[in-house]
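Heads up, the chain below is alone and in the form predicted alone; it's given as structure tokens.
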Amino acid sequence: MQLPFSLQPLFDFLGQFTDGPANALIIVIALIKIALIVGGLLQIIPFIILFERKIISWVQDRPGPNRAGPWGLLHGILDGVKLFFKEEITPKGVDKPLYLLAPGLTVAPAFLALCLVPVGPIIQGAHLDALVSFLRLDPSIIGPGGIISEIPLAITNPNIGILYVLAVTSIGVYGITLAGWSSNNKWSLLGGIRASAQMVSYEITLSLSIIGVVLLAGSLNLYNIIDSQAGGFWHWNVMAQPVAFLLFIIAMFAETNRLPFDLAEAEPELTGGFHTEYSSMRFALFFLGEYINMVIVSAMCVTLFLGGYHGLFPLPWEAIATWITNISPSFAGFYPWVIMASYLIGPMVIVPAKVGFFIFLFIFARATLPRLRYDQLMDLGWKRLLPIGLINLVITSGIIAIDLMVTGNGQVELATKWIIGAITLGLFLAWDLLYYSPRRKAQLEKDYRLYPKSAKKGEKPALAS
């Protein structure tokens, strides 16, 4: 099957302005991916907000938004329209350049990090040949043997993707800190200071959890990390790094300032925190940046630990395509369509489903968990998560080194991954059962004057000192 007309003349014409049709094609492909990925996410965020309010209302046994449109579907969109038309109020005494810069400095890194999220595999080889044949393009420009030999289903695909994501997302805290400092408000300043301290505390844990995955894949490239998890869920990194997976989930809550780690906002304490003095679209930019960061860390968790765009089980798409074409001669032209469907439609369902699970986890945590005290936040990050992350990394790197010396093939065996997962998870559970939980229980009995099991019936507990 082919289009009734060729798109090649269009790129030949555009090539007059871009030093060749190949450059024109590269620019057009990049613009299409930006429009689909970034534009699609901007369209989805109002519905994520509606989804959050509906889940929270369900947990609290109330209807939630149900006035604007059927089932309240227009509520998030109308909220955006309302913020767009509201008056912008700039308080007296603010550092105006930094005050105006802070919202953009918060949301821009989120969009930059979004450019690396792999929403699907790299189209190359026979799959790219089928796409070129369908669009009737010049195989010498795009195709297995052309100038453009692959099309990654991400806006860009650098070899240091993980480092890029960590570097870019770390910039976002500067916007929050500057917003708190420039607002000339003591509550905003406290929120900014809390955000910066929180970022420093949990960025280390986040990095430690990622390093184990990088060691398993042997690459910083996001596509290489996903490809190392191909073959079914038993190959996913969550099987080899269950402790790192848990650390990453806790750290991503802290990195996005979501409950129970939203100490930078903490409405009962700071009346809104760093964005107290912002209104209209400037406040909306902080709101937008928070939700984009939620999607990014969810996508990174899916990419690093849950196989990315790979499903639970590998499907023989080539065999399925061959079977369909053998049903009838009239189905002979459907082979490339089935192959392209496996490359495009499958990931378009798998990736959003996995990311949606973590978005639900963010929302459900907000509806059910209480906010931590700030000293508890710091204690958890430095005294609990950081040592666990270091021990997990030492065990992982040691076992991987032994495996590579024994096998000598440069790849970590599946059995070795399972051994790493079993050892690290077993040590974590043993530490919790034998050390942390008993000490925590004793501390609770002391702080909240609970009756210990050892107390005799009718005996009153001693007052907490």
Partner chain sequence: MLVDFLKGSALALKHMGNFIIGKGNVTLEYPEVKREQPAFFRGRHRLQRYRDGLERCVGCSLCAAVCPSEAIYLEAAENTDENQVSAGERYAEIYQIHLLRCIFCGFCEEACPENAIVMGASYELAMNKRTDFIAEKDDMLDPAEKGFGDYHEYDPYISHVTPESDKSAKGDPWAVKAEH
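Keep in mind that this is a model prediction, so the values were computed, not measured. Definition used throughout: the rigid core is the maximal C-alpha set that superposes within 1.5 Å between two forms. Positions refer to the first chain, counted from 1.
Another form exists, predicted in complex with its partner chain; not displayed. Remarks below refer to it.
- Though the partner is left out of this view, residue 62 does reach within 4.5 Å of its partner chain in the predicted complex, counting heavy atoms only.
- Heavy atoms of residue 413 never reach within 4.5 Å of its partner chain in the predicted complex, leaving it off the interface.
- In the predicted complex, its partner chain sits within 4.5 Å of a heavy atom of residue 433.
- When its partner chain is considered in the predicted complex, residue 224 lies well away from it, no heavy atom lying within 4.5 Å.
- Remark: all three candidate residues (67, 369 and 428) come within 4.5 Å of its partner chain in the predicted complex, counting heavy atoms only.
- Stretch 51-59 is the contacting one of 414-422, 51-59, 394-402, 31-39, since its residues have non-hydrogen atoms within 4.5 Å of its partner chain in the predicted complex.
- Taking a 4.5 Å heavy atom cutoff to its partner chain in the predicted complex, the contact residue among 323, 317, 357, 364 is 364.
- Superposed on the core, the two forms barely differ at residue 398: its CA moves less than 2 Å between the shown form and the other one.
- With the core held fixed, the Cα of residue 411 is displaced between the shown form and the other one by less than 2 Å.
- Remark: with the core as the superposition reference, the CA shift of residue 51 between the shown form and the other one stays below 2 Å.
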